[in-house]
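To begin, one chain is listed below as structure tokens, in the form predicted on its own.
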Amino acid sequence: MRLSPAAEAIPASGIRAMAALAEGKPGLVHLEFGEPGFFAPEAVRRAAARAVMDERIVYTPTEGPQDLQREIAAKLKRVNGVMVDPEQVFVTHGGVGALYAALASVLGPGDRILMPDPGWPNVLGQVMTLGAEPVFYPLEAAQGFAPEPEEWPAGGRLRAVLVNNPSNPTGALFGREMLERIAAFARKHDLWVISDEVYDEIYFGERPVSMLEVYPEGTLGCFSFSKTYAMTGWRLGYAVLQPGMREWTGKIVESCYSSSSMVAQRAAMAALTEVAPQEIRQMVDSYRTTRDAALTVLEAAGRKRYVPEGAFYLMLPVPRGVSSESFARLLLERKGVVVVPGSTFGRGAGGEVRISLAAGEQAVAEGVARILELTQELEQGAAHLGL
């Protein structure tokens, strides 16, 4: 009996594959998951506990409760500098739910969407499930992983552009000038922009500009509570839709998972109203310290290439002629370090591996040092490693 061809075509997660290879092995340095190493703030946990103990946990409106929509709209104004009507806010099952809601609202079979390479792989699976066609635009290390919108292809059934800022997996952050170039391209060709801003509050210099501010008439914004508040397992995010889209998107979300978790919604309300900005900055400062520790090790070895300005990731090159998959497996076997092959994120990153700076300063510094050890061994041909 035949299974879905879309499921067959979607590549398996390279992140999960490496985690599976590492499972049960003691003493490893884990740099694979983009997982904050903190508990969610106390106010968040207490709000969830109160909901479980004091309320009957039930279905909620598909788009989320109105009080949470209002608080999210207030956050967008306060943090992102964007004015939206609360009715444009659509609460979702995690940031991935926001991305799917946005994509499914504007793409159909045969439609094309421009996507970053390297980029977060889960979105590719969503696009393929919808029967749409991905068209990749390169993000190259030599250009600081920045795109060149003026060189993007257009025409035909191109309907949308996906932008991830700050970026997973590169940690690159695009400023206003770059976003305005992207907006100019989108306006010229009458395109939607799907803006993945899940890491909007994790940055190390100037605050990221939201695409919703630069291209308000054509952007669908996608956000999450996962990274900012260390709430990955709580599974709550939100999309910012265009006016009048709620019913349209609601039909899509209703058919997928009905509504998001009421317990997580109560926790999110506390995150927005009770968590002080200082708590968020303390977490971000720890990522900055870890990033700087990694860069110090790289600089001492003459291997520093670029400085990630957002999210908590760093891409590192593997020796020429070695695939990222082979390098990641050797690194696990010989050095006890778990990373993600760059090929997980696209063809353009086949000569890279990604490390997560959320693992902590000591783990990252030690992991980077071991990565450089293996790199040097391979480059010098010190031992036959079966490559």
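In case it trips you up, residue 1 is the first one in the sequence shown, and so on. All of these numbers come straight from a predicted model, not from anything done at the bench.
Below, we turn to the form predicted in complex with a small molecule, even though it does not appear here.
**Stretch in contact, per heavy atom within 4.5 angstroms of the small molecule in the predicted complex, of 191-199, 240-248, 70-78, 257-265** = Residues of 191-199 come within 4.5 Å of the partner.
**Request:** Verify the contact flag for residue 88: yes if a non-hydrogen atom of it lies within 4.5 Å of a non-hydrogen atom of the small molecule in the predicted complex, no if not.
**Result:** Residue-level check for residue 88: no, no contact with the small molecule.
**Prompt:** Going by a heavy atom distance of 4.5 Å, is residue 96 a contact of the small molecule in the predicted complex?
**Reply:** The answer is yes: residue 96 has a heavy atom within 4.5 Å of the small molecule.
**Prompt:** Is residue 120 a contact residue for the small molecule in the predicted complex, using a 4.5 Å heavy atom cut-off?
**Reply:** Judged by the heavy-atom cut-off of 4.5 Å, residue 120 is in contact with the small molecule in the predicted complex.
**Asked** Can residue 235 be called a contact residue for the small molecule in the predicted complex at 4.5 Å between heavy atoms?
**Response** Because a heavy atom of residue 235 falls inside 4.5 Å of the small molecule in the predicted complex, the answer is yes.
**Request:** Work out which of 228, 164, 290, 105 lies within 4.5 Å of the small molecule in the predicted complex, going by heavy atoms.
**Result:** Comparing distances to the small molecule in the predicted complex, the residue within 4.5 Å is 164.
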